[in-house]
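Before any questions on how it binds or moves, here is one chain, the form predicted alone, in structure tokens.
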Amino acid sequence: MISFGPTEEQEMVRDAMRDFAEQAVRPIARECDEASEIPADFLQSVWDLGLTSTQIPESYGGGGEERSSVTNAMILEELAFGDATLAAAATSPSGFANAIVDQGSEDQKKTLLPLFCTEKFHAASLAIVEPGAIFDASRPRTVAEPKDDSFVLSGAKTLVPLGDRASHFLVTARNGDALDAFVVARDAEGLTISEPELNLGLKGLITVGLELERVEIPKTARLGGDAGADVRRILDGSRVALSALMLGVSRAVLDYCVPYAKDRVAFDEPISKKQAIAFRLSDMHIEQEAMRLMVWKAASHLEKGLDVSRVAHLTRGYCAEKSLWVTDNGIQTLGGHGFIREHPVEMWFRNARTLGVLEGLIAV
């Protein structure tokens, strides 16, 4: 019989992340949004869970567990149910580490992966998004010019997570007609890191812009070395991960609105008995379930090594549209309360709007 349910192990992991989200993530979400900052002790507490290090091979200092994209998507949903901002910050280093594990050269693995197997939180970031109204992650404007035994990178990136503390950046760039990625150290000459950006949502997550003014790096800094890498695979993993975050936000909204509608009384009866409200909540639930099936399907394709680009693109597009629709309807359900900070729905709406335009924040 075909089953769309998680395995027993996935159930255990999901339950553990759900408890962590309720106890450690949700209680500080509003504070982080207001302060535009995430406490270092929270990042350390997530680091201690081993979400990054356990999926790195033992030969490089990690736990050696086999990575499951489906399980990681479930983890992201649960963390984002607590708060998408904190979820993105907690798992951002995994996007960089996973790319090195999957496609890095042997020297890159030996040099970089041990950084993620220490007891102290370590940040390294994907640098994919570029400034401008029109942006295609598969055709970046940042260019890499071969020069003897090096590459010269020129261009700009934006919305780079944890860029205020990241030791390395994985920068995507055009290398002739090919799409490549390059490991750029924080102290590389010609690299300028901006002040923290001011964003509509995910306010607690510090993002920065990068200016690469003829940054010269050795050829060994190309992801995968001489063989290069399938950067499209990294983009696919990012889109699945972002979709899982948007699913988590949508679930948080519905979970908040249903009891609110039952308790809120207007004209002598709960508003949940009004068809306009009841039908809206029903549709929100339907879209949430559809999003989950699409996320699991895309993650499954990724895990099995199938061509997932089309599925990942469709999943991200659907989740971006429907998560914004769900959060907007959450505001409508709360009425005037939906616009005030006493309730978290306005924050979730801003987070959904921001997630819907991102690329390369994290990856499964």
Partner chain sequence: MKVMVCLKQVPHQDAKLDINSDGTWIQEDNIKFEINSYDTYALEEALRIKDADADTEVVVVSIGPDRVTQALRTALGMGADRAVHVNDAEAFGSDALCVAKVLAAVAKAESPDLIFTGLMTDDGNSSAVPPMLAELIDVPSATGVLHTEAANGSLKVERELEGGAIEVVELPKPCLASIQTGANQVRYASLKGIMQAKKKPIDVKTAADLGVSDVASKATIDKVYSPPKNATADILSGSTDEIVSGLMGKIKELGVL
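Computed from a predicted structure; not experimentally measured. Numbering follows the first chain given and starts at 1.
Keep in mind that the form predicted together with the partner chain is missing from the display, and what follows is about it.
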#### Entry: Which of 330-338, 53-61, 308-316, 28-36 sits within 4.5 Å of the partner chain in the predicted complex, heavy atom basis
53-61
### Task
Could you confirm whether Asp41 comes within 4.5 Å of the partner chain in the predicted complex, counting heavy atoms only?
no
### Message
Is Glu321 part of the interface with the partner chain in the predicted complex - any heavy atom within 4.5 Å?
### Response
no
### Query
Does any heavy atom of Ile75 come within 4.5 Å of a heavy atom of the partner chain in the predicted complex?
yes
### Message
Going through 9-31, which residues have a heavy atom within 4.5 Å of the partner chain in the predicted complex? Please give them in sequence order.
### Response
Glu9, Glu11, Met12, Val13, Asp15, Ala16, Asp19, Phe20, Gln23, Ala24
